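Single chain ahead, by itself, as structure tokens, in the form predicted on its own.
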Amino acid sequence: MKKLKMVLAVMLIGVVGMHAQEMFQSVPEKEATLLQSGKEKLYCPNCGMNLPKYYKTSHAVELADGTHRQYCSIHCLVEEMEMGYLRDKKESVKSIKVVDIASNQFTDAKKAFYVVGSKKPGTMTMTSKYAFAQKAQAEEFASQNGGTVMNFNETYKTAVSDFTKDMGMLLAMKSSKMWQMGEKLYNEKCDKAKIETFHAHSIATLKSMIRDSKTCGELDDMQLQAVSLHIWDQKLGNFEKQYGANEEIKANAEMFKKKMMEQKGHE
């Protein structure tokens, strides 16, 4: 129960967002390498989360046309590769990169050494996954923080295996916190008619449009993420369209909600 309590607290931080200096995954924005371009370059195209806040778990794909898509986590990379934007475009993926947390620079993910399951917090997952360019550094990190050293293919398979469990946890967190916060902000602060005119191809684009137009006034990143999630997931129905029929995700969400309620009752 103590371990689950810690994991749920860490995941709530991951979903809600906190100041960069309070999170192991974070670096100041000026120190983050953003490989993608455009007004939405700060945000993960899959989930909308702020990339500098989750920089140490950041992954990116380089496409055949030279453009990049950069993700907050291997979870979001897996989601896009297996069931999202890249599912039918895998042949266009030229390379996959990951941040080496020893240098905070991108390195070839397929040559990297991952520490899977350390005590450091994961991003979008219960099982943390951090990468290193050098095996010795990965082994040293594992000796200090726990976890198992794996290659990219092993780590990717672990992320695939974790996927429905992690999605259930994320659904529990969203429905317990972020969607409620986003709906309240949307109803109280947003110009709904203006938002209706937006045409966004991803949650990252939607988030940048809300930010730049100030159609919901001045919002911090947590509020901006909450509003964007409410509109993208709920009002536009994207979560239900993608995962509404997945009974395993729903069951996992109910299990995590129950655990969260039990945890709250013991506090």
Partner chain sequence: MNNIFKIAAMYIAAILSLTLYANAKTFKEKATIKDPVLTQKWCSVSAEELKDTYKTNYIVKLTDGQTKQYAALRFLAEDYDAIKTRIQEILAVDAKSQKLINALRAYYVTNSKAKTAYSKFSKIAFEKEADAKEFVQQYGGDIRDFDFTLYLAIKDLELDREFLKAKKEKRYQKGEKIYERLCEKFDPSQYDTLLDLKTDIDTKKRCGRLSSDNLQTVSLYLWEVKRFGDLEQNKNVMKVPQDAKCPVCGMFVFKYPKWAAKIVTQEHTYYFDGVKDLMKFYFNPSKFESAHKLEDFKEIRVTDYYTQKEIDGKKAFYVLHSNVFGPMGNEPIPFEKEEDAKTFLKEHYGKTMLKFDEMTETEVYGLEKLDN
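Positions refer to the first chain, counted from 1. Just so we're clear, the structure is a prediction, and the values are computed from it rather than from any experiment.
The same protein also has a form predicted together with the partner chain, omitted here; what follows describes it.
Considering the partner chain in the predicted bound form, the lone stretch of 113 to 121, 139 to 147, 100 to 108, 79 to 87 in range is 79 to 87 [heavy atom distance within 4.5 Å].
The partner chain in the predicted bound form comes within 4.5 Å of no heavy atom belonging to residue 177.
For residue 67, no non-hydrogen atom is located within 4.5 Å of the partner chain in the predicted bound form, even though that partner is not displayed.
In the predicted bound form, the partner chain sits beyond 4.5 Å of every heavy atom of residue 188. Put simply, residue 93 is far from the partner chain in the predicted bound form: not one heavy atom of it is within 4.5 Å. Checked against the partner chain in the predicted bound form, the residues 60, 27, 222, 209 give one hit for a heavy atom within 4.5 Å, which is 209. Residues are counted as partner-facing when one of their heavy atoms sits within 4.5 Å of the partner chain in the predicted bound form; in 150 to 172 these are 156, 160, 163, 164, 167, in sequence order.
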